[in-house]
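What follows is a single chain, given as C-alpha cells, in the form predicted alone.
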C-alpha cells in the first residue's frame, strides 16, 4: 500500500534546499547515508588481515646483516693503513648500498695522521662523482669553517657509509652497522685526538643514542671502540647541508667549531 505524498510538503522541502544553496540532484534515487555509515563502521570493526610471520619478513629483507658485519670486521682487521682500508672497502659487497646505483666507494680525504677526524653521514651526488667525501656545496662550507677556526689541513674526513644512498636519503641503521667496522678501523689507524660527528645520523650511529642532533650538538661525549680499548672525546654538530637550508643555525655550528678548536689546541696533561 503506497502512501500519498503531499505536494505542498515536497515544495516546502525543495524550497528549504534551495535556500541552503543546493541547486542540483546528483542521483535519481535517494541514498540512505546513515545506513552507509553503519556499514562502514561494521567493516572497520572487523579484525585486520593476518600479518606475515617473522621468518617471511626477514627473508624479504635480503642477506643477514650479522654475517655482513662479521665479514666487514674480519676484512677491516687485516688493514694496516688507510690505502689498504680503502681497497678493502671498495671490494666489500656486504653493504646493500653498493648495488643501489652508486658509482664508487667514497672513503676519506685528509692527512692520515690528522689530530681531528670528522665523520659525516653519507656521500652525496658530488662525492659519488669525485670519489671523495664532502666536496659539494656542504663540503665547501665545512672547509670554510675549518679554515676560519684554524683547523685547515688538520682533519681526516669520512662518513658512516661509503656509498651514496639512492635518492639522497639518509643511510639506514642497518647500512651504517655494516660499515661500522671499517669506520672503527679508520679511527684506530688515524689515532685522532678528537672526533667531530657531523649530522644526526652520524651522531646517533657513533654514540649509540636516539636523541636528535639539536639536543646532542655542542656537548662532549665519549666514543668507545667495540672492544673497549679506545676512547675518544666526540662532539656532535649540525650538518653543513642543514646550515645551507637554515642559515640562522650557522651561529650554533660556529660555536661548536670554536669549542672543538679550543680543545684540540689545549695542551695535553702530562701522564
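Residue numbers count along the first chain shown, from 1. Computed from a prediction, not measured in an experiment: that's the story for all the values here.
One more form of this protein exists, namely the form predicted in complex with uracil; it is left out here, but the text below deals with it.
Think of it this way: in the predicted complex, uracil has a heavy atom of just one of 183, 89, 122, 197 within 4.5 Å, and the residue is 122. When contacts are judged by a 4.5 Å heavy atom cut-off, residue 134 counts as touching uracil in the predicted complex. Proximity of residue 159 to uracil in the predicted complex falls within the 4.5 Å heavy atom cutoff. Uracil is not shown here, but in the predicted complex it comes within 4.5 Å of a heavy atom of residue 127. Stretch 113 to 121 is the contacting one of 143 to 151, 96 to 104, 113 to 121, 76 to 84, since its residues have non-hydrogen atoms within 4.5 Å of uracil in the predicted complex.
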